[in-house]
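Heads up, the chain below is alone and in the form predicted on its own; it's given as structure tokens.
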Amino acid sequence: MTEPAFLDAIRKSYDTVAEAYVELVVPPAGMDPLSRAMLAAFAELVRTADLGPVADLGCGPGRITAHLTALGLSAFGIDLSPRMIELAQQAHPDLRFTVGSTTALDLSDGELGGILAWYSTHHTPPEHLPTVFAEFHRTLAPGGHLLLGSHIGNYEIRRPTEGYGGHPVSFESHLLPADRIAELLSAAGFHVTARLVQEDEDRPGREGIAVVARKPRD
């Protein structure tokens, strides 16, 4: 099967900016209090349900995967970028990291107790999000929890030519309204339980959303 072109653009772009990403993006300890609180609440939900490990999808260099582990979860990371996975393995050799795509996860049905997709789905064209969210639903155990973070907007498409550190990139960012993201999750079979919309302090006029959703028990 031919791989969608957008996946190759994401992979190559994040391979290119990986080192600069580590230098420029704040670790979990430097996140704003609301983002840290959402991660902590997600961790408590998953611990309480006790249904299996957590997959950090789009884990990058693995810092949030390690943060989830420190919060008491059994967590591992998956990322499309081989270079990001190399950096994650170097920084956190005690954790598991693998290369993979959210469009076709190499995981069993119902294997996971939780999924974190923290600002890793906005590069996916909207027409492919149902496939991604269906994979989230398939791999979560009934009663499992999802925390999704994403940039949002009014159906905007951003096509930057430079990424972290000024390195060239070719990915796109698709900024959907918060309600549309919730609708797509609901259509995939999730029950959306909480939404937090907040302004990006570093980029006025830009907003992000954190969505908590649960796969219902049959």
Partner chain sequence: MAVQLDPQLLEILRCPAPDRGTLSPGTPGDPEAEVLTCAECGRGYPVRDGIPVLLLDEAVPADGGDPAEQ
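Residue numbers count along the first chain shown, from 1. Please read all numbers here as calculations on a predicted model, not as lab measurements.
There is another form of the same protein, the form predicted in complex with the partner chain; it is not shown, and what comes next is about it.
Can you pick the one in A141, L71, V99, A91 that has a heavy atom within 4.5 Å of the partner chain in the predicted complex?
That would be V99.
Could you tell me if P53 has a non-hydrogen atom within 4.5 Å of the partner chain in the predicted complex?
P53: contacts the partner chain in the predicted complex.
Looking in the predicted complex, any heavy atom of F136 within 4.5 Å of the partner chain?
So F136 does not count as contacting the partner chain.
Would L112 sit within 4.5 Å of the partner chain in the predicted complex, counting heavy atoms only?
Within the cut-off, so yes.
Would L129 count as touching the partner chain in the predicted complex under a 4.5 Å heavy atom rule?
Output for L129 is no: heavy atoms all beyond 4.5 Å of the partner chain.
Any chance F42, L196 and E201 all have a heavy atom within 4.5 Å of the partner chain in the predicted complex?
Not a single listed residue reaches the partner chain in the predicted complex, so no.
Output the sequence-ordered list of residues from 59-76 with at least one heavy atom within 4.5 Å of the partner chain in the predicted complex.
Heavy-atom contacts to the partner chain in the predicted complex: only F76.
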